[in-house]
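One chain is shown next in structure tokens, namely the form predicted alone.
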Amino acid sequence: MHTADQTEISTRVLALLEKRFGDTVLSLAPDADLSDALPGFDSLAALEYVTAVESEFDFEVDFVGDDVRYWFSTLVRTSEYVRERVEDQAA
């Protein structure tokens, strides 16, 4: 079984945010609420963020079964969600 490296996942998720929001994300606390910490992180930006994560890690987010607002609200939660999904795929 492949164990996803949490640091690598966090780095890749942060890079996705940086691509969209620039250097502002580099000072982002891992548990900061993205909608509060990032100007312009509105519902469209959140949807683009989820789509970018799907593309980066090659899985689909279940918008019905998963609490997307919760899991994609902070960097640390997103990274944990991705880690679980990557490990599920590897099992």
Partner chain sequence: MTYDMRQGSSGVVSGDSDLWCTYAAVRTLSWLERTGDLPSPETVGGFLASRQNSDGGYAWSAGMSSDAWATYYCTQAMADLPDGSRGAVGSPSSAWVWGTAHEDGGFAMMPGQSSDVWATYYAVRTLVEICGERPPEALFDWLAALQAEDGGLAWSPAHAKDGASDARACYYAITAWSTATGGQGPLPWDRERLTGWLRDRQSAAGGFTFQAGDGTDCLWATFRAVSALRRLDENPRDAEGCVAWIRDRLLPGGSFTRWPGYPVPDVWAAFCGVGALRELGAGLADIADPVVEAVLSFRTGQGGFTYRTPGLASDVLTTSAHLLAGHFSGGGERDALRWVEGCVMPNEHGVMYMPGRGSEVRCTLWALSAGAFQDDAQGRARIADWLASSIQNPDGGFGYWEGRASDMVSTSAAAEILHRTGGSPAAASLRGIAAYVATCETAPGQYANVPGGRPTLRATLQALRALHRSDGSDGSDGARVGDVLARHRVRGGGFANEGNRVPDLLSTYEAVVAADTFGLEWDTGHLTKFLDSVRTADAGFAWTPLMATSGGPLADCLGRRLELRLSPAQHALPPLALS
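Positions refer to the first chain, counted from 1. Keep in mind that this is a model prediction, so the values were computed, not measured.
There is also a form predicted together with the partner chain; it is not shown, and the following applies to it.
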Exercise. According to a 4.5 angstroms non-hydrogen atom cut-off, is residue 69 in contact with the partner chain in the predicted bound form?
Worked result: yes
Exercise. Does at least one non-hydrogen atom of residue 57 fall within 4.5 angstroms of the partner chain in the predicted bound form?
Worked result: no
Exercise. So in the predicted bound form, does any heavy atom of residue 37 sit within 4.5 Å of the partner chain?
Worked result: no
For this session: Give a yes or no for residue 26: in the predicted bound form, does one of its heavy atoms lie within 4.5 Å of a heavy atom belonging to the partner chain?
Result: no
Exercise. Mind listing which residues of 41-55 have a heavy atom within 4.5 Å of the partner chain in the predicted bound form?
Worked result: 41, 42, 43, 46, 47, 50, 54
